[in-house]
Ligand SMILES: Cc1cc2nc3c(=O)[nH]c(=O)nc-3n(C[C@H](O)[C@H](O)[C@H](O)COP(=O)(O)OP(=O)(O)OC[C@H]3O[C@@H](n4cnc5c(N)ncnc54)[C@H](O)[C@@H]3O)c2cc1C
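Encoded as structure tokens, the following chain is the form predicted on its own, with no partner shown.
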């Protein structure tokens, strides 16, 4: 997608944290990066939407927009989060498919612990992805890439990741060995990277470390979900899991197509836009 964007004339600036969405005369007119303003006819914000309202817009902007600007975190419904393991193994996994799902034998209890009790599940369900099963470029010859996703609660007082994270990782190694049939897994790990809900917050500004953005409760879905166009700040648009139509790669991709079409219609030929 990056190569395609470049072919279409899109300029991508990496390692350029946006400090502010510039609002001039009540309209979005660009972004500020490292103290320098970059002008544009429109701004498309892909950062987590609550973060945009709380941190990127000037304090006077957006107060007439949808109610998330003023709602406290505890008043919002968030999705679950995830504990992630990115592993590089010095062996192949011929017995696994590209996608593999391992459901807890106590699935009702598993859901209750995540969504109601907001604590780490005793018997987690988890998903593994082995991309090198279908694309050998995803790992060196004779090795394998293994991606593990474990649904967990978003950040809250019932889970202390600093204390509970290491033990939970060891539990997952044991479960992967047992359920995915990879004996002595730890001895084959050549590379390991772990992400917890705390990392989703610190690395991507996802409020409460909710990996999939805002939840889909009755007052956060459909018409009630934050719109993809700001009602208070003209020329400010949104895309991502926390705006319409909803969370998940398919819905976010649909949302990207919809907002791109709307920007094309409303900007009436303007050629300068910046994405955050």
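Positions refer to the first chain, counted from 1. Keep in mind that what you see is a predicted model, and the values were worked out from it rather than measured.
Same protein, other form: the form predicted in complex with the named molecule, not shown, and the subject of what follows.
Enquirer: Taking the named molecule in the predicted bound form as the reference, which of 28, 57, 214, 211 has a non-hydrogen atom within 4.5 Å?
Expert: Of the candidates 28, 57, 214, 211, 211 is the one lying within 4.5 Å of the named molecule in the predicted bound form.
Enquirer: If the cut-off is 4.5 angstroms on heavy atoms, which of these, 84, 114, 175, 182, is the one near the named molecule in the predicted bound form?
Expert: Filtering the options by heavy-atom distance leaves 84.
Enquirer: Each of 46, 147 and 241 having a non-hydrogen atom within 4.5 Å of the named molecule in the predicted bound form: is that the case here?
Expert: Judged in the predicted bound form, 46, 147 and 241 all sit within 4.5 Å of the named molecule.
Enquirer: Among 198-206, 131-139, 100-108, 183-191, which stretch has residues whose heavy atoms lie within 4.5 Å of the named molecule in the predicted bound form?
Expert: After filtering at 4.5 Å, what remains is 198-206.
Enquirer: When the contact criterion is heavy atoms within 4.5 Å, does residue 12 count as touching the named molecule in the predicted bound form?
Expert: Heavy-atom contact with the named molecule at 4.5 Å: absent for residue 12.
Enquirer: Determine whether any heavy atom of residue 234 comes within 4.5 Å of a heavy atom of the named molecule in the predicted bound form, and answer yes or no.
Expert: It does not: once the named molecule is placed as it appears in the predicted bound form, residue 234 has no heavy atom within 4.5 Å of it.
Enquirer: Answer yes if any heavy atom of residue 259 is within 4.5 Å of a heavy atom of the named molecule in the predicted bound form; otherwise answer no.
Expert: Residue 259: no contact with the named molecule in the predicted bound form.
Enquirer: If we define contact as a non-hydrogen atom of the residue within 4.5 angstroms of the partner, is residue 218 a contact of the named molecule in the predicted bound form?
Expert: No.
Enquirer: Any residue of 245-265 with a heavy atom within 4.5 Å of the named molecule in the predicted bound form counts; write them all down in order.
Expert: Going through 245-265 in order - heavy atoms within 4.5 Å of the named molecule in the predicted bound form - the hits are 247, 248, 249, 250, 252.
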